[in-house]
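Just the one chain here, the form predicted on its own, laid out as structure tokens.
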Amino acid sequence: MATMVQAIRMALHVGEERLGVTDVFGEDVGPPLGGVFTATQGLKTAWNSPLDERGIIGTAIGLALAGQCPVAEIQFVDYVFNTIDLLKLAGGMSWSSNGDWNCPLVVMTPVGSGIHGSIYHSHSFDGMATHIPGWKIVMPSTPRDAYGLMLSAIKDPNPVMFLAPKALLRAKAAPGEEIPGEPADERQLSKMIDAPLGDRSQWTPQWPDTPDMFIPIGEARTVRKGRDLTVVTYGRMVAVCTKAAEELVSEGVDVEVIDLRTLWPYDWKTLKESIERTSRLLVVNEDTEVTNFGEHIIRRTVEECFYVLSSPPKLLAGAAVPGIGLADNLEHASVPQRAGIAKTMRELAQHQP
């Protein structure tokens, strides 16, 4: 069973072999490292850029407009903030040219907390990303979704931002969630596509025969069906919310968990059906709570589902602090944790109008 980072690597290989990817680049993305998380090991189109995030995004835009198909990596999302003006240009390219110019590029970057990255390696980018018009924004929570969403991102004719939860990059697929074509033995897969330690000059990967498996951008996934409360989440929080929901089964609380997978354009049809059925909503993510993307979901819920709600919709998100501390207690206090999520689920499910 592949880990998420292996799934991303296999998708990029399919991209360069069959979907027209011409360049995979960023800081330490090429040989010998293959990226700090090893997402680009063994790729034939991977190359190292200077340590210049603005240069990376600018080069990706230039390549896309020249007819190439680039995938650019920002090593940590914390360092993409100084490229906002360039991201805005890429997002507006098709619109401002009345559809004459597309900008087919993918920007992939690790996001979120959970690895003790402290203040410079723990940021989220959800709200900021969805505020840049013209971009599609995806965030997988499983290796299979990472594979399928990356292939869809590569095929899209305009910019897609692929936000990879860094705490999930080593997470393995659950049984039944394997990528078609991958070896059943995870050790065999590692021998095939993970570069050895030490001298890698003579190493070449042996890629498994995986298919063009596209997960549509804009399609949510119902992880757990339930009757008492709808929980909308994505990325690392999907597994945390699912475990919290399972804890409440013994109390007779039945929680529905929806993984957005795509933040923009998001699957409002699936969300609305669930909210109208359960009459309650909780949105959970790691991004700072002020001007949070979850607030948009809540606003739309109030506008379109107000008369079926049995309790006020609620957001659980990261604390509005400048950064996330290194120590366990500081990191845990900065982003939602399972116990707090379960407590809020219980309160919302039991709330009576």
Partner chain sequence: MSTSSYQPAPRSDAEALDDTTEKSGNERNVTSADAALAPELLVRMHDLMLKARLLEERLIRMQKQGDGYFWIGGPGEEAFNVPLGMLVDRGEGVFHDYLHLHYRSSATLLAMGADPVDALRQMKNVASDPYSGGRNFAGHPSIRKWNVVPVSSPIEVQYSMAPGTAYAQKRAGGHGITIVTGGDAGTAEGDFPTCLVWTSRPGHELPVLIIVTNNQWGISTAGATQHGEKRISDRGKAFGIKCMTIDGNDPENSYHQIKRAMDYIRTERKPVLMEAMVSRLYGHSSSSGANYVQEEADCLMTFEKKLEERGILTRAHIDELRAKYTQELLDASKRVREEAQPEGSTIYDHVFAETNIVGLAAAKSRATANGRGN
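Residue numbers count along the first chain shown, from 1. Remember, it's a predicted structure, so these values are computed and weren't measured experimentally.
Below: the form predicted in complex with the partner chain, not depicted.
Of the listed positions (P157, P216, P196, P180), a single one reaches within 4.5 angstroms of the partner chain by any non-hydrogen atom in the model of the complex, namely P157. N82 is the sole member of Q206, N82, Q188, T222 with a non-hydrogen atom lying within 4.5 angstroms of the partner chain in the model of the complex. Of the heavy atoms in S113, none are within 4.5 Å of the partner chain in the model of the complex. When the partner chain is considered in the model of the complex, V253 lies well away from it, no heavy atom lying within 4.5 Å. The partner chain is not drawn, but in the model of the complex it has a heavy atom within 4.5 Å of H121.
Not displayed here, the partner chain is approached by P104 to within 4.5 Å at the level of heavy atoms in the model of the complex.
With the partner omitted here, the stretch from 268-276, 236-244, 222-230, 94-102 that lies within 4.5 Å of the partner chain by heavy atoms in the model of the complex is 94-102.
Contacts with the partner chain in the model of the complex, taken as any heavy atom within 4.5 Å, map within 49-80 to S49, P50, L51, D52, E53, R54, G55, I56, G58, T59, I61, G62, L63, A64, L65, A66, G67, Q68, Q75, Y79.
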